[in-house]
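Just one chain follows, in the form predicted alone, and it is written as structure tokens.
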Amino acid sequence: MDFPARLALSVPLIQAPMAGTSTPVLAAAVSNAGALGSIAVGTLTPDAARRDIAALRAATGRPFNVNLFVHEPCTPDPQREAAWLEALRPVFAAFEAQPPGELETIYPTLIGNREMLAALVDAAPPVVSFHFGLPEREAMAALKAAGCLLLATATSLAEAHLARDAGIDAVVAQGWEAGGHRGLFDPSAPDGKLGTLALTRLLAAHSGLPVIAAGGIMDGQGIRAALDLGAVAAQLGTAFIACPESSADEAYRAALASEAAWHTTMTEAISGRPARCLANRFTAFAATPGLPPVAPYPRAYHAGKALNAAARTQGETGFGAQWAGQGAPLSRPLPAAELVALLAGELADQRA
């Protein structure tokens, strides 16, 4: 499959659907500029997902991507969760607040989620992508029957082979450098922590699927490098956070433009799964010796969001989920269409 040709992309570029920053307006601007815009609906209800997909479709006549979380359903662990909340208690107290009495599973998974699957099949977005794993074969068959092209994140060749065998159309090679959550299928298994360069080349040579490189890519030179390694496109997320069309708040944008951008770090403390973000007060707390195991994903996120809200009441913004990859210092705060045009120009210069 010629991935860019099938989607009529004039720029072999996908805007990563980073939950918390992607919006229909941002995705439409990227798609209208000739790349593939994306929205994340993994944190939404089925009705909200329908709303955002409809808004995106109304704003562009070009292909776009809708992304979902496909993690194994979470089993509450009361003892582990209570220990984690107790560890957070002094941090909450610093902001005159108390941690939640108990944690909730705030983000659903597509696995077993018939209402979300029905919403997707009805909306039939041109592309649907999966993070954290793969849905049931019946769900994939229904989406393919609706005409959707299916993508899945892989952090290893083994995960890419699982995606290929399940019928995925193209794989996103997520390197260790990437911002946001690691797409590990099984977060309890060892993580090889392969970088984007090595992973992209391995998957291009051995996965049997078209490969989209992701992680640390911020400019046309990076896109060119990914294509030279055998990728059919590059996926950029951090590069679009500073765009005015993203939903990043002012504190997030300021942090991205600060010294913190040079010190991204991988942490489980915010959500319960490994995720790369800007160094801030939450990541500093996560480095405290002797902390108990973090509550499971996504229940830990309930605590993280409550802590961030409490801190903000006191003017402290360093407890937010400020996801960013290792290329963060190369961020450019431009409107999305201008950024895509700049990336395309840089890529053309590299081809010359």
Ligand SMILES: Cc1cc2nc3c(=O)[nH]c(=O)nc-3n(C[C@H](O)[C@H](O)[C@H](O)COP(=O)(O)O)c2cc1C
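The shown structure was predicted, so the numbers you read here are calculated from the model rather than taken from an experiment. We number the residues from 1 along the sequence you see.
The same protein also exists as the form predicted in complex with this ligand; that form is not shown, yet it is the one meant from here on.
- At least one heavy atom of A19 is located within 4.5 Å of this ligand in the predicted bound form.
- Contact between A226 and this ligand in the predicted bound form is not found at the 4.5 Å heavy atom cutoff.
- Although the partner is absent here, A40 lies within 4.5 Å of this ligand in the predicted bound form, judged by heavy atoms.
- Not displayed here, this ligand is kept clear of G272 by more than 4.5 Å at the level of heavy atoms in the predicted bound form.
- Partner contact region in the predicted bound form: 229-237, out of 142-150, 200-208, 229-237, 261-269, criterion any non-hydrogen atom within 4.5 Å of this ligand.
- Between this ligand and the residues G180, P135, P99, G222, the one pair within 4.5 Å by heavy atoms in the predicted bound form involves G180.
- For the three residues R57, P125 and S246, a heavy atom within 4.5 Å of this ligand turns up in the predicted bound form in no case.
- Residues of 209-226 lying near this ligand in the predicted bound form, listed in sequence order, are A214, G215, G216, I217, the criterion being any heavy atom within 4.5 Å.
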